[in-house]
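Given as structure tokens, the chain that follows is alone and in the form predicted alone.
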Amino acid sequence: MTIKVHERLLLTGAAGGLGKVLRERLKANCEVLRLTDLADLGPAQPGEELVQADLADAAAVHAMVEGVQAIVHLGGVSVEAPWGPILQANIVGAYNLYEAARKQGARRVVFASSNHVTGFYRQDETINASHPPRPDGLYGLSKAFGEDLARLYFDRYGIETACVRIGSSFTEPKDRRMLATWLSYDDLHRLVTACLTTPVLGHSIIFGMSDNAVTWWDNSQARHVGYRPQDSSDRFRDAVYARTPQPDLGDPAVQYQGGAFVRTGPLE
């Protein structure tokens, strides 16, 4: 049973892949779910409010945050991209969001960070939230900025944030790397729910993964969040091995946790 601790919840990036997944599930977490994206969201369903807004537009962001108690922030550029779009959506947009939360009184944020904040750690290492960021590109760098921004707004203004370093959230793992990074859709919702409902969140970093046997990430420093994954990539292991070739251990995408992101060249 999901406890509704917030009357009005804001979901940014609601037209994106994971936004669509959470659009239906988060209705159980609140009385009113406000959805926002720059893209079209379609018609409003019962219990929904729709707002089309650009994260780089400070006035629009301040308006969309009005009246919400908590924010699930998925909005922004979600892949490696040229610097211009990342700067506007992920850096200026994140600043606008936290300023709006401060001024409008929203006290808790679930920030969709990324495993690409630590993509240049090796796949034969296990890391936790205390390890320094090692972003694997401009996208990962922007998410590292978002985590630091969240820390500032907690230390200075008391806005609590869960920085969720999402792994690979799909219906099933697509390759051998995802056997370590996979996060089921149901576990994604369990994780977001835990972040929204834990009594004291503070500024927390938590790796977004299911209960996979193979993992590079240690969530022991986030036990206070109360996230208990119930799914695992293990049931897909045989099928993934059968359809994928033996990994080339000289390939940087196999050596490092960020996978193919570590070998993406400059984007113009």
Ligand code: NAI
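Since the model is a prediction, treat every value here as computed from it, not as a measurement. One-based numbering along the sequence shown.
The same protein also exists as the form predicted together with the named molecule; that form is not shown, yet it is the one meant from here on.
Segments offered: 192-200, 124-132, 138-146, 96-104. Contacting the named molecule in the predicted bound form at heavy atom distances within 4.5 Å is 138-146. Scanning Ala39, Ala59, Ala44, Ala213 against the named molecule in the predicted bound form with a 4.5 Å heavy atom cut-off leaves one residue, Ala39. The contact residue chosen from Ile206, Ala53, Cys30, Val68 relative to the named molecule in the predicted bound form is Ala53, the criterion being a non-hydrogen atom within 4.5 angstroms. None of the heavy atoms of Thr161 is located within 4.5 Å of the named molecule in the predicted bound form. Contact check for Pro252: no non-hydrogen atom falls within 4.5 Å of the named molecule in the predicted bound form. Although the partner is absent here, Ser78 lies within 4.5 Å of the named molecule in the predicted bound form, judged by heavy atoms. The closest non-hydrogen atom of Ala112 lies within 4.5 Å of the named molecule in the predicted bound form. Applying a 4.5 Å heavy atom cutoff to the named molecule in the predicted bound form picks out Ile166, Gly167, Ser168, Ser169, Phe170 from 164-200, in order along the sequence.
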